[in-house]
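One chain comes next, on its own, written out as structure tokens in the form predicted alone.
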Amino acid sequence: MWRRWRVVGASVRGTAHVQSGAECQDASLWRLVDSAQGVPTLLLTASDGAGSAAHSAEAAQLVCAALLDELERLSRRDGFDLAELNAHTLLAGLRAALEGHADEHGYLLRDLACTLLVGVVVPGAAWFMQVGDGAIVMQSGAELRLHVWPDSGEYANQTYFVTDVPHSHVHEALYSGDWRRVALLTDGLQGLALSSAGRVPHAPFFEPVFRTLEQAQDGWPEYLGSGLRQFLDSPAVNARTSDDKTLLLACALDVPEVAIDIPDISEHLETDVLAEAGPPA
């Protein structure tokens, strides 16, 4: 038995930004690397640029790319252990990169405000880190778990950003367990994907999207990404949120897949997810 990861992600401009002509301010990236010991290590990042920041879309792309490079460098070191990861050290490096970018382009640092979601997953354990709103969801067996509830601050439309987050609002944790499903999502999807009652992941949202990803046929990454974008930009989803939306999904597969008919993923997701999803946020 051997394990491999299947990952798909998409960021879609919200209807408010479509109407205003603004660009999508979300970003996400992922990478699968082998550690120095040959352990497959899945790296995931997502970020939501602050709507009030002039160049937050650049910032979201920058922090995702810079963090993946740093995590890959760390994971390839001899003797690397997830317990060595330190969110504050990583954030210091990101802030230095943002300050350099601001100086180079004549921006203020606050013009690059953005949130951050990060995951590093190896067999038997996972490390997650979050700054601001959005969510990280993980599943092992029947246990569907939320890393932390979105950190939206004390007031409406407030959250915390990489550029100036207080230490007490940097959320990192190491989880033991066989986490075979992982999802990162920005705040545009919180109303569909999380249940305020109990502050837990909304299982009827996640089960269909994870199942669809697991059952999809190999060799169709473009098809999966296109289908996910269609779902995120569907009228039913847009009726529940006007914000930008990012969803990054990863599933661990243990066995060779059996060829199946290619489903219409966008239709499937819209029918299954929204029929079972909770009430509008």
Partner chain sequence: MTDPAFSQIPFALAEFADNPEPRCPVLLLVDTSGSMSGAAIAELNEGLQAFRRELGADDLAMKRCEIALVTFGPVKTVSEFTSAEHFVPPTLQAAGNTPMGAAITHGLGLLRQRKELIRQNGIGMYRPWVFLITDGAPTDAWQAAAEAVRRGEEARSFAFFAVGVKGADMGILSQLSVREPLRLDGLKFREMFVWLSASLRAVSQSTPGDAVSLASPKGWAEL
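In this text the structure is predicted, and so the values were computed from the model without any measurement. Residue numbers count along the first chain shown, from 1.
The same protein also exists as the form predicted in complex with the partner chain; that form is not shown, yet it is the one meant from here on.
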For this session: Report whether all of V12, R31 and L62 sit within 4.5 Å of the partner chain in the predicted bound form, measuring from non-hydrogen atoms.
Result: no
Exercise. Taking the shortest heavy atom distance, is Q190 within 4.5 Å of the partner chain in the predicted bound form?
Worked result: yes
Exercise. Does any heavy atom of V209 come within 4.5 Å of a heavy atom of the partner chain in the predicted bound form?
Worked result: yes
Exercise. Taking heavy atoms only, is H202 within 4.5 angstroms of the partner chain in the predicted bound form?
Worked result: yes
For this session: Answer with yes or no whether S168 is in contact with the partner chain in the predicted bound form, where contact means some heavy atom within 4.5 Å.
Result: no
Exercise. Can you say which of 76-84, 182-190, 118-126, 93-101 gets within 4.5 Å of the partner chain in the predicted bound form, counting heavy atoms only?
Worked result: 182-190
For this session: With the partner chain left out of view, choose which of L67, A57, L43, L228 has a non-hydrogen atom within 4.5 angstroms of it in the predicted bound form.
Result: L228
Exercise. So which residues in 42-61, when you check the partner chain in the predicted bound form, have a heavy atom no farther than 4.5 Å from it?
Worked result: A50, G51, S52
